[in-house]
Ligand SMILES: Cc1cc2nc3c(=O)[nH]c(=O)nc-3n(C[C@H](O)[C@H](O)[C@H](O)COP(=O)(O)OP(=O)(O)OC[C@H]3O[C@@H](n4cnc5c(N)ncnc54)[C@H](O)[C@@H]3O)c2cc1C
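Before any questions on binding or motion, here is one chain by itself as structure tokens, the form predicted on its own.
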Amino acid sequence: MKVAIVGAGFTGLSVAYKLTKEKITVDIFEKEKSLGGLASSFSLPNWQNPLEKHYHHWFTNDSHALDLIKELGLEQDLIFPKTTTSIYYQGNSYPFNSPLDLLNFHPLKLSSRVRTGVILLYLKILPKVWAIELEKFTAYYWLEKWFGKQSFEILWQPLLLGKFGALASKINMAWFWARIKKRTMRLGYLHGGYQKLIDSMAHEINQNGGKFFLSTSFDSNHVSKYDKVIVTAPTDYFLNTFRNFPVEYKRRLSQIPHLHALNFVMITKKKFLDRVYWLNINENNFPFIGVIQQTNMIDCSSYGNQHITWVANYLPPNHPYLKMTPDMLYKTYLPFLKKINKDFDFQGSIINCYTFLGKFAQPVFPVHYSRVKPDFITPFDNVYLANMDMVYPWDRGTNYAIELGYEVAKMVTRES
């Protein structure tokens, strides 16, 4: 059997890894010049390790990713350092890592803090089989009802608005539950970055006979050359690559909204955030949603003793920021970065800035999303779909990309 895999992100790599271990002939097509998809990396000449274009980390319960790391013999490079997550609200940064931090979060009155803690605990222990029923409610409705108006307006509404903008009120509560359910106290990373895992997977795939075709788009004319085709690229790509879809199928997949990830990377001489790794922005007037200080997780010696800061954003496809150069985006963000750290010497510390765009990075999950969620099976014989629109209710991430790849590989192997 000969299989084509479209897309060499973690889903595509995971499919290829599993199939080639079964001695199935696999060709992997990737339109970019490098592997990894949204987890692809870049490097500078004086760096020891590459850096992801889009920030990444693992939770301690990301079993598929952690098992794969162990299987490939990389567990000695896996770390779960102690890091700090904080909330920026009304000009102040508040730690938000533990129940004690919540009790000390003074913008909420004491009764709201206690109520918030109780509801968070409820969501944390709620099993998936029950939580999926929450998809019939919007997160807006459920969060305000159960957390209370103050907690909703200070903690949750700004995060939803920051990430989803005009679509924030449509997000269903099952997706929000998954964000609470999955989060762990410690966050993980590999010495050598995600590129080390990507390279290890690619090496195994090559050793088992798989072939990569980089900078190569797959089109429908290729289909006849393969027994099976597995598309792991975004749904938009799938709909534009193949033709003659049944009307209802195309309508169902076309109604799934997506946002693009826009990440602005600052390379600096000094840390922008002194101790905080992840800073959520709970201010509705800010033009970005978070600041991630990579060198508060990984020592700056990995990056030529330079410091790395991501400034995170999710934007609709027509947003003007997507067309900005790094310099233009820096000037747009600068007044707000100064609010976060008024003492930072931007002129003297900044070495360089970069922007990276991840198209269709974030699916938007409205109420009753399970009714429109794509399936592995498509209207075309022997053509399968497996992408981030399908990991619901979990949020996108490499752990679920790996699981998705394994599942479709198992299906194809079983059918063969």
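Heads up: residue numbers just count along the shown sequence, starting at 1. No experiment lies behind these values; they were computed from the predicted model shown.
Same protein, other form: the form predicted together with the ligand, not shown, and the subject of what follows.
The stretch among 345 to 353, 370 to 378, 66 to 74, 24 to 32 whose residues place heavy atoms within 4.5 Å of the ligand in the predicted complex is 24 to 32. The shortest heavy atom separation between Gly397 and the ligand in the predicted complex is within 4.5 Å. Taking the partner from elsewhere, Tyr384 is found to have every heavy atom lying beyond 4.5 Å of the ligand in the predicted complex. Interface residue remark: Ser217 is counted as part of the site for the ligand in the predicted complex, having a heavy atom within 4.5 Å. In the predicted complex, no heavy atom of Ala178 sits within 4.5 Å of the ligand.
Of the residues given (Ser86, Thr83, Gln195, Asn263), Asn263 alone sits with a heavy atom within 4.5 Å of the ligand in the predicted complex. Looking at 29 to 54, the residues that come within 4.5 Å of the ligand in the predicted complex, counting any heavy atom, are Phe29, Glu30, Lys31, Glu32, Gly36, Gly37, Leu38, Ala39, His54.
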